[in-house]
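What follows is one chain in structure tokens, specifically the form predicted on its own.
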């Protein structure tokens, strides 16, 4: 049976730590996992879905990971780097976790990485995939089970170029993932864009930016706005009358299932790129999608699929090592093998511990039950790797 401890329940967590001693999973029969994710504020939908997908993965594995009882210490990072760093330190020092997961935002991943690397604690990112950790600063204790930040944007850059759009306006929030996003788009579209605009992270009113965009009169717009930023931008884009005149494109993060119910029909028909889709035809994905809807009474998002895969990855590595996380080299090699069936189909790690995988074009549609969701359109990249792995010494 999975144990669960919120960091607000300090006494309970301390009792668990005192009862099991050092983080030697094969002796205690437990594996101790720190779940640092965003559970409050405009970005909470991403964190809640990643956490719920991770927990569903454990449930589908019979309530264990590698045959061990998972003890999960959960903390809300509030989308603040300082809070995430404090949580990481507490989980490492007090809770003696074996693995940390759950981090959504790239600036938070970069903030907690020094603490986790110094303590030789494995960090399995369910989402954040900054370029810094993919190249020269790659780390033997960091694994990303989702993608490198640039990849979904690279796929849309290729698609928009293939469609023949010549005057494209691109926008993103000004933080590591936002800068990676537009760099990735331009890598495959080209540098000749009408304008490249960065807005403050967390901005929710885009009236000034949309007015400027209209004055530039592009023939297409590409955005990267996750969470509440995406909800507001897409609604305001339609309210400004731009949806009818200027095609909007984006990555899955801006058209994910965690946003679509709030965005509504303003997102209908928009094409976006992803390494996963709810209608991908494989047995594991069908079980995940059906199980998630049954368990949580809502359709799963991209983030939920990545949380689910993180549980399967950790389970596979623990199975290979017999539940032993104390031999760091052996457990790292077991993670590298990625010996699990992913919801997205083919999956393997590159030398920098980022995925090599396919990327798809999706379209926002209404399903037979009247729910707004995504459907698969085509494959843009097969076995696609990131642009930084050659700079990683691992």
Partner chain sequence: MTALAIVQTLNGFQLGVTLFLMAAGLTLVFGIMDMINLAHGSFYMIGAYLTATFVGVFDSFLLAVLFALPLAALVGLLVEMVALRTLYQRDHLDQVLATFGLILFFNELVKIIWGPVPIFMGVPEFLSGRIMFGPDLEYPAYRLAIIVVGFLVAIGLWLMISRTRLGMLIRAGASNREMVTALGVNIKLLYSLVFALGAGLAALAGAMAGPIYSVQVGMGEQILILTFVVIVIGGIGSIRGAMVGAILVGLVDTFGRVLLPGAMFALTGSTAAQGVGSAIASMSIYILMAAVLFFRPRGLFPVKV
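Each form is matched to the other, and the largest set of C-alpha atoms that superpose within 1.5 Å is called the rigid core. The shown structure was predicted, so the numbers you read here are calculated from the model rather than taken from an experiment. Numbering follows the first chain given and starts at 1.
Omitted here: the form predicted in complex with its partner chain. The next part is about that form.
Under a 4.5 angstroms non-hydrogen atom cutoff, its partner chain in the predicted complex has residue 39 among its neighbouring residues. When its partner chain is considered in the predicted complex, residue 196 lines it closely, a heavy atom lying within 4.5 Å. Contact between residue 269 and its partner chain in the predicted complex is not found at the 4.5 Å heavy atom cutoff. Although the partner is absent here, residue 291 lies well away from its partner chain in the predicted complex, with no heavy atom inside 4.5 Å.
204 is the sole member of 92, 183, 111, 204 with a non-hydrogen atom lying within 4.5 angstroms of its partner chain in the predicted complex. Taking a 4.5 Å heavy atom cutoff to its partner chain in the predicted complex, the contact residue among 322, 140, 190, 241 is 241. Figure note: of the listed segments 225-233, 97-105, 278-286, 150-158, the one touching its partner chain in the predicted complex, with heavy atoms no more than 4.5 Å away, is 225-233. When two forms of a protein are overlaid on their rigid core, residues whose CA moves 2 Å or more are considered shifted, and residue 174 is one of them between this form and the one not shown.
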